[in-house]
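Below, in structure tokens: the form predicted alone, a single chain.
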Amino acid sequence: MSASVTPLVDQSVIERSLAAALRRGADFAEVFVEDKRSTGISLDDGKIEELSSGHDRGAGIRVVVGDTTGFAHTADLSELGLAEAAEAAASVARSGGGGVREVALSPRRAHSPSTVEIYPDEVPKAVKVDLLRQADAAARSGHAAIAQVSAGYGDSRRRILVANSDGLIVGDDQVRTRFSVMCVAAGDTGLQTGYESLALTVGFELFDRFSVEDTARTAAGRAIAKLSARPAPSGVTPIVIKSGTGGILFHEACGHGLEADHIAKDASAYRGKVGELVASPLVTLVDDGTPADQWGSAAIDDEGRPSQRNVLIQDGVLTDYMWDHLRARKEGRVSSGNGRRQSYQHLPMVRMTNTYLLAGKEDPEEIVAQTPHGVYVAKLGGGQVNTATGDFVFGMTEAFLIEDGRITEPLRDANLIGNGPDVLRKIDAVGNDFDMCPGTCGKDGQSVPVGCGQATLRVTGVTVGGTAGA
């Protein structure tokens, strides 16, 4: 499937807007146009709590003079509206000069990694509501301890156009669909929660591929299991992280430190270490916006650069950072396709797409069997990271004890505390069962969809912040 220029604004209008932005001696100008429609529905305790639809449409214009960037955005996509935004953004440009610089745009096409079969906006809302009710019933079925069920549905269609003074003009049409279930179980140990979600860059056919009932039963099962959970051990212990959701640890604890803006600000533990061994030789870390249907995939980034596969760490050796257009331009290189923004109202910055560790060759069951004691992390939650040092704290939302090479008792929610570079060096086994999971990445007040992934792996020692004695 190819993504071509989205007919949001006439090309001649875009060309004149860029010319207006450049009129006062700018080095670079860019127009980003966005038209986004979204639907969100939430159910709580069997009742529909919210049913909303949104439509955002507008343009952001960026003008660069030397090291100074001017930015303005407008919801008015008329020629006058764009011209006024261009003039506002160009106000940071050098005064005088007065020359006219015309820009001739050459439309380009970019290959989309996803194919949409059923556009969600063509599906009646009643059908979407019924999915939530099905999930509610499935979560409660056979589980008297389930005290509360919350479920959410969301879809979006985001059409964008990017044009700049280098002659680029390209568009993309991005459709995303998601579904989530959270269950609360009540027992002698109090209230325990379980969560599961589905999210892909596809249309409503998501629900032909996956069952909302199975999603709900998984969430309920996690909540029920925690009712009999024991306190997590505290102290340094080996951990085995199940394939998929553990990828969020490497996204946060390592990925952000490999973004070129953190490198430029000397706010990364990886600054100046290209070519050095920074991880176990078993580790190859990739950021890749091209995998079919993944949550962070797209035909282009938000600066018009085609998405691509970027190897960041190869066999433990740091090979490169992630780059957006301006930082790459300053270094005399091309962008790696990592310039992303939340909306037309935001400036792009260096962001991850789908970040993952490549699979190894070991049997996941053997990795557990060869671990005499430790913690098996089946699902990680959110966390906090200091990119300058790599220090992190992550929540474990589903974990089990490993005893004599076997996964045994469930553990209560606890934290993993460690350092990203240190964890990368302590990986001593990587499985062959690679999996991905969706997520939302926040940075400097902006949120974008991302994917994370890894195969089952073992870290020889991480601090578990549990409540039981070590």
Partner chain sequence: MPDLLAIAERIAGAARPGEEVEAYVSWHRDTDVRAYDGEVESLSSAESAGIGVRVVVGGRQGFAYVGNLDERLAREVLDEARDNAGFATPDEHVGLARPDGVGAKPLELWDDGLSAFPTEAKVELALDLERRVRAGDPRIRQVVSADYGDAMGESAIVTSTGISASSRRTTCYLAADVVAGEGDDTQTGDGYTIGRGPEGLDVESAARDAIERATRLLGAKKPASARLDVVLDRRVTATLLAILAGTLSGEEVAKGRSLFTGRAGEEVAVAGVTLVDDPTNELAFGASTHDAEGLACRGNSLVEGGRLVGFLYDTYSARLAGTSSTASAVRGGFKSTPGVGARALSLVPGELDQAEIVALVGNGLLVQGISGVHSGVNAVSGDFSVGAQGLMIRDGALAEPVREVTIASTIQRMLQHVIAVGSDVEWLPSVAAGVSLAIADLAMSGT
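All values derive from a computational prediction rather than experimental measurement. Numbering follows the first chain given and starts at 1.
Beyond the structure shown, there is the form predicted together with its partner chain, which is absent from this document and is the topic of what follows.
(request) Choose from 294-302, 276-284, 392-400, 311-319 the stretch whose residues reach within 4.5 Å of its partner chain in the model of the complex, heavy atoms counted. (result) Flagged stretch: 392-400.
(message) Checking a candidate spot here: are 68, 72 and 236 all in contact with its partner chain in the model of the complex (at least one heavy atom each within 4.5 Å)?
(response) Verified in the model of the complex; spot residues all in contact, yes.
(request) Only one of 114, 148, 180, 165 comes within 4.5 Å of its partner chain in the model of the complex by heavy atoms, so just point that one out. (result) Here the answer is residue option 148.
(request) State the residue from 184, 131, 110, 199 whose non-hydrogen atoms include one within 4.5 Å of its partner chain in the model of the complex. (result) Looking at 184, 131, 110, 199 one by one, just 184 meets the 4.5 Å heavy-atom criterion.
(message) Can you tell me if residue 379 lies within 4.5 angstroms of its partner chain in the model of the complex, counting non-hydrogen atoms only?
(response) Output for residue 379 is no: heavy atoms all beyond 4.5 Å of its partner chain.
(request) May I ask you to check whether residue 169 falls inside a 4.5 Å heavy atom distance of its partner chain in the model of the complex? (result) Flag for residue 169 set to no.
(request) With heavy atoms only and a cut-off of 4.5 Å, decide whether residue 412 touches its partner chain in the model of the complex. (result) Residue 412: yes, in contact with its partner chain in the model of the complex.
(request) Tell me, yes or no, whether residue 383 is in contact with its partner chain in the model of the complex, where a contact means a heavy atom of each within 4.5 Å. (result) Residue 383 belongs to the contact set for its partner chain.
(request) Residue by residue through 162-201, tell me which have a non-hydrogen atom within 4.5 angstroms of its partner chain in the model of the complex. (result) Counting only heavy atoms within 4.5 Å of its partner chain in the model of the complex, the contacting residues of 162-201 are 182, 184, 191, 192, 193.
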